[in-house]
Ligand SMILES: Cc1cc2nc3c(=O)[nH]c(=O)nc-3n(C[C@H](O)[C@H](O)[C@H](O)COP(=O)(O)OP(=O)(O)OC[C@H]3O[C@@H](n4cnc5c(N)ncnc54)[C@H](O)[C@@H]3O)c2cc1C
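Quick setup: one chain, the form predicted alone, written in structure tokens, and binding and motion questions come after.
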Amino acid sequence: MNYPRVAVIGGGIAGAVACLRLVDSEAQLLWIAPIDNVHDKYGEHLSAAARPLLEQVNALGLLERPYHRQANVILSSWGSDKIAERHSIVHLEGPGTVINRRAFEQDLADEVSHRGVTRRDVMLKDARLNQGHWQLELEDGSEKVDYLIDASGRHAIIAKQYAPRFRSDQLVAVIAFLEQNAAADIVPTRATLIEAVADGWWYATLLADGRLVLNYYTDPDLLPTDISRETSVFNRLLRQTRYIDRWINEAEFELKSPPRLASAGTTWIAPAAGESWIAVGDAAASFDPLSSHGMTTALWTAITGADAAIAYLSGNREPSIGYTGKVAAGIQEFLNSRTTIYQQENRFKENTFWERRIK
């Protein structure tokens, strides 16, 4: 019997989890996932809502690896000069997890491999839909498949050709990984700290390996020049913080190389599925990191999208229609809640960054 062929494009969290969901189906799976050589990847906070999703693909045990830790405490200076503390003990769903993002993605990829799926470390050069089938042109040859799952991240390399792409802001992340001075005698707090400033906001958290992840979120036109080339420029920005700068200095963390930049804006594809294709993860919707649900969304879209793909191939398009509706509703809910959260910060409401977000 000729089983349908499904191609998953993308090697991040959404791509790997879509493969894990599909591996027990009757579909023949083609995973096209160029390996990302970025040493450190940002995006560390995995909410507790992700745990049942990982359990659905038998991957919950990956969070027990020693390079992840529980996220028990979040401290924030938002709307006030004082620090507010939120502890996981007050949440019914329990603590989230601070993950080593690169290690987590590698573990997911290894899990896919252990379940018999070969990862094709090649670039997709072209994809054409013709009479219900996809003709894929790869670096190492051609493939023909019946359905395509776009998990290519913010690039949405397939989905953006078949559906409009929307953007609500230009948010950018400045990303740095700091190491503690080996001679320091202070044990840094295992907490996450969020701090609002005049032109954006900061996020800092301690990884299980002792490094400090530091992100600054703002708009591109508000960034000083040379920030990704000169550590001194980043350090000057850091000194504008009240608490994060103190944490870094007292625990003797050091920035040894210039930070890098990454897009962090809110974008989405609508609709998120069409004829013989579906977008999952950041290809479907990517949110301002303030939501802290980016990876949870990636997991949910990957699982639900994979299920919709199998249903579509059996002649049932209702799950795909339901998926697009839920993605659209989730985007609107996020946009509403984002405005509410930014409006809670009144100290800088006349500054450009905040004014753009509280209208």
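No experiment lies behind these values; they were computed from the predicted model shown. Each residue number is its position in the shown sequence, starting from 1.
Beyond what is shown, the protein has a form predicted in complex with this ligand; the following relates to that form.
### Query
From the list Ala204, Val112, Ala264, Ala71, which entry has a heavy atom within 4.5 Å of this ligand in the model of the complex?
It is Ala264 that has a heavy atom within 4.5 Å of the partner.
### Query
Every residue in Leu54, Asp107 and Gly305 with a non-hydrogen atom within 4.5 Å of this ligand in the model of the complex?
The answer is no; none of Leu54, Asp107 and Gly305 reaches this ligand.
### Task
Using a 4.5 Å heavy atom cut-off, state whether Gly43 contacts this ligand in the model of the complex.
The answer is yes: Gly43 has a heavy atom within 4.5 Å of this ligand.
### Query
Given that the partner is absent here, does Ala298 sit within 4.5 Å of this ligand in the model of the complex, heavy atoms only?
Yes, contact at 4.5 Å.
### Task
Flag Thr324 as yes or no: does it have a non-hydrogen atom within 4.5 angstroms of any non-hydrogen atom of this ligand in the model of the complex?
It does not: once this ligand is placed as it appears in the model of the complex, Thr324 has no heavy atom within 4.5 Å of it.
### Heavy atom of Ile157 within 4.5 Å of this ligand in the model of the complex
It does: once this ligand is placed as it appears in the model of the complex, Ile157 has a heavy atom within 4.5 Å of it.
### Message
The chain here is shown without this ligand. Which stretch in 128-136, 180-188, 233-241, 146-154 comes within 4.5 angstroms of it in the model of the complex, by heavy atom distance?
### Response
Result for this chain: 146-154.
### Query
Can you name the residues of 203-222 that have a non-hydrogen atom within 4.5 angstroms of this ligand in the model of the complex?
Tyr203, Asn215, Tyr217, in sequence order.
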